[in-house]
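Presented as C-alpha cells, the chain that follows is alone, the form predicted on its own.
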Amino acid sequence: MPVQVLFGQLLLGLINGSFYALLSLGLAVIFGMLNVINFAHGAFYMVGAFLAWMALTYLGVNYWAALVLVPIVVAILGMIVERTMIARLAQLDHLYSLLLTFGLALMIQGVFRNFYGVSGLPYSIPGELAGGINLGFMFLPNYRAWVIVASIVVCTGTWLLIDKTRLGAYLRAATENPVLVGAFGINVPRLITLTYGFGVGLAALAGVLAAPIYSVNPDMGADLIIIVFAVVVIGGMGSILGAIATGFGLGIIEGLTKTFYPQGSSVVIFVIMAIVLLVKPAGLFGKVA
C-alpha cells in the first residue's frame, strides 16, 4: 500500500475525529452538568454551518467573523430553548428531555429543509487558509491542519475550564447538590442555562469549521449525531476527557479501517461501542454511579 494513501486516510480520520471530539465535548458538558441527553445537538451543529453560510451569502460576513459571532448567536438561542422548554422538564424523568430535544431537532431540520432543500450549499475556504504544505510523503491542506489545531485548542481549553477553575468547580458542585450551591448565593438556574448555551455553542463552532469541508445541508447534523452519541458512550457519559480522547481516537481508527477494510468503516465505531459496554458499561473514562 502506498504510504501516501495511508497518511491520507490518517489525516481524514484525524479531521473527522476533530469534529467527533468537538461535538461529543458539547454533549458531555450538557449531560455531565445538566443530566440532559441533548438530541438537538446535531441540529445546532447544522444551524451553525447554515448561519455561517447565510452570513457570508446575504451579509458579506467573512469566515473569521462568523467563527466568533455564530457560536454566540447559537448559544443565545440554546439558552432561550433551555429556559423556555428544557427547564420546565427538570423535575421529570430524563426521557422527557430526550424526547423534547429529539422533536426539536426534527423541527429545526424540517424548517431548513423546507427553505433550502437537501442539496449541499458550498462555503469557500478563506483565502488565508487556501493551499497546503507538501510534506514529502503527503500533501497537507492548510484548512484541514487549521481545523485539527483549532479543535485541539478548544477541547483543551474547555477541559481546563471545567476541571481546573473555580467556575468549573461551581458547575460540578451544582450538578451534585444544587440546593447547597444555591445556599452560597450562586444562581444555579442561571448557571445551568449558561452551561447549556456553552454546550450548543461548541456544536455551532464545529458547524462553522465544517462548512468549508462538508457541504452545508439540513441533514449534516442528523448524519453525524448517532456517531457522536456512540463516541460519548464509549468515552463515558459526562466525561469531558473521555469525550475528547475518544473522539480523536475513534476518528483515527475509522480512518485506518477505511484503509485496510473499507467495508467495515461504517460500523467499526459501533462495534467498539458494543465491546466497551460489555467490558466496562460506564465507558472508558466513566464512573459507575
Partner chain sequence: MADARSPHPSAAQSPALLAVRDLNAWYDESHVLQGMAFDVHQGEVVTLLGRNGAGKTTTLRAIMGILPRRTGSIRLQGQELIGLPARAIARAGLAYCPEERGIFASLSVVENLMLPPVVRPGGLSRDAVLAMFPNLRERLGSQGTRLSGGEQQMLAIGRILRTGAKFLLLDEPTEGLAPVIVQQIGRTLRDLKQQGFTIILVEQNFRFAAQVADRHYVVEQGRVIDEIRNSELNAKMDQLHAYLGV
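Positions refer to the first chain, counted from 1. Only a predicted model underlies this, so the values are computations on that prediction, with no experimental measurement involved.
In what follows, reference is made to the form predicted in complex with the partner chain, a form of this protein that is not presented.
Tell me, please, which stretch of 213-221, 127-135, 187-195, 108-116 lies within 4.5 angstroms of the partner chain in the model of the complex when heavy atoms are compared?
-> That would be stretch 187-195.
With the partner chain left out of view, choose which of 169, 92, 72, 149 has a non-hydrogen atom within 4.5 angstroms of it in the model of the complex.
-> The option sitting close enough to the partner is 169.
Just to confirm, residue 173 within 4.5 Å of the partner chain in the model of the complex by heavy atoms?
-> The answer is yes: residue 173 has a heavy atom within 4.5 Å of the partner chain.
Residue 180, heavy atom within 4.5 angstroms of the partner chain in the model of the complex | Residue-level check for residue 180: yes, a contact with the partner chain.
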